[in-house]
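Below, in structure tokens: the form predicted on its own, a single chain.
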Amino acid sequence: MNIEIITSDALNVMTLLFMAVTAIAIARIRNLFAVVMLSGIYSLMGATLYVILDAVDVAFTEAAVGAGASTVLMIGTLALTSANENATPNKQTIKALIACTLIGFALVYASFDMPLFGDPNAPIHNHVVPRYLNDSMAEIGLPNVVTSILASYRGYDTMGEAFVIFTAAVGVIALIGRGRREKSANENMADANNVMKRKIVLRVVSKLLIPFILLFGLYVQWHGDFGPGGGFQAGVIFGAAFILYGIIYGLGTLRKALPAWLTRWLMALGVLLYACTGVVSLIKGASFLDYNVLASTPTGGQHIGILLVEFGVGMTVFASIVTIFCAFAGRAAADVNKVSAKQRSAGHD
């Protein structure tokens, strides 16, 4: 037993040290592509740390969103920016260093009042956690306590997170979205200039991988009641499959398979499905998002309600990620086309 504790502590320390080194490298490197890659590594190490701490659901989300989707979206953003970070004046650097140092000391000082790591008598272990662990199976009927907490006990919070993702996608569309005709022309030009589309190995491998990625996404979506997974993770996995398809075959080809109007409708339908599940509970005389009244038995109602809201979250996350990627990729294609047009006009002159 002592050997297991020592091994676990050693893994924790090594992982935290590696994350600290990665964070320092991110702060010092000026190449933005390297920064994005290191950020993905940092998120992956964070997911590893969550696995060591037995927080598998959180690790799953961190790996899918932090190391996966966020990295891809930041790479798409790099197409709209320069390759290197602009140098900042020394005075601003010193001020930022002083501010970060003071905040760091304040956070460390505040941590002195926190219970020791792993303390079984910590307040968090003596408040609602025992009730969730002891009563969730009888009240919700799901083996995965995390899903019971996120989709039922804390259903309001999860609905808010779904609306945040929806709002982020709408904000991206409002800020950098373009008209349909201009976007279609840009996407067709981007397909013509897409280098990856001409790589036979990439095309063959992607065709083999994408069906399995989608199948795994379905497994994660519907297996979240019994193990790690759920709507957030499944939505990211589905989005990653379509983003991979768009990167290899071009944005125009992706939009033929998944039109812009469809992803925007799915974004809205996902959050509407979540909210309407709560409205149905109100109509049946219960509280908002109280799934007990959705079936003849409370646990049966919980199953139906969690199934609906998780499906809504999956739709919103999937459609939002694909929409954000296409918005950035379409804007980058438009900028490339403008440069190419200027070069052609300069050559004619």
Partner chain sequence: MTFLSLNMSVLAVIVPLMAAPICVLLRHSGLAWAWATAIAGITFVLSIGLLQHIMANGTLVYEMGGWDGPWGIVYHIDEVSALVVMIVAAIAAVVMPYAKLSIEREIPKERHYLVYCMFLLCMAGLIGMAVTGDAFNLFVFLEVSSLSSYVLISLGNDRRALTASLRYLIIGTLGATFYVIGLGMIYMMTGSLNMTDLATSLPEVQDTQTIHVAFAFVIIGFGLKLALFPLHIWLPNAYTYAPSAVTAFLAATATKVAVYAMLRLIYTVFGDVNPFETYGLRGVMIALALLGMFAGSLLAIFQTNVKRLLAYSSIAQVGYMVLGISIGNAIALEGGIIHMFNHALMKGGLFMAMGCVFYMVGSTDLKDMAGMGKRMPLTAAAFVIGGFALVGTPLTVGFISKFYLVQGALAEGWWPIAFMIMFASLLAVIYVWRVVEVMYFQKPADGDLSYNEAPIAMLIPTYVLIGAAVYFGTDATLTSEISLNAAQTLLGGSK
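Positions refer to the first chain, counted from 1. Since we're looking at a predicted model, the values are computed, not measured.
Note that the form predicted together with the partner chain isn't included here; everything after this is about it.
Trainee: Identify, from the list 202, 164, 210, 218, the residue with a heavy atom within 4.5 Å of the partner chain in the predicted bound form.
Mentor: Among 202, 164, 210, 218, a heavy atom within 4.5 Å of the partner chain in the predicted bound form occurs only for 164.
Trainee: Please name which of the stretches 250 to 258, 210 to 218, 237 to 245, 164 to 172 has residues with heavy atoms lying within 4.5 Å of the partner chain in the predicted bound form.
Mentor: Going by heavy atoms within 4.5 Å, the stretch is 164 to 172.
Trainee: Is the gap between residue 222 and the partner chain in the predicted bound form 4.5 Å or less for some heavy atom pair?
Mentor: Contact with the partner chain, no.
Trainee: Is residue 323 a contact residue for the partner chain in the predicted bound form, using a 4.5 Å heavy atom cut-off?
Mentor: Close contact is absent here: in the predicted bound form, residue 323 is far from the partner chain, nothing within 4.5 Å, heavy atoms only.
Trainee: Look up in the predicted bound form whether residue 289 has a non-hydrogen atom within 4.5 angstroms of the partner chain, and give yes or no.
Mentor: Yes.
Trainee: Indicate whether the partner chain has at least one heavy atom within 4.5 Å of a heavy atom of residue 282 in the predicted bound form.
Mentor: Yes, residue 282 sits close enough to the partner chain in the predicted bound form that at least one of its heavy atoms falls within 4.5 Å.
Trainee: Considering only 127 to 160, what residues come within 4.5 Å of the partner chain in the predicted bound form, judged by heavy atoms?
Mentor: Counting only heavy atoms within 4.5 Å of the partner chain in the predicted bound form, the contacting residues of 127 to 160 are 127, 128, 129, 131, 132, 139, 140, 152, 153, 154, 156, 157, 159, 160.
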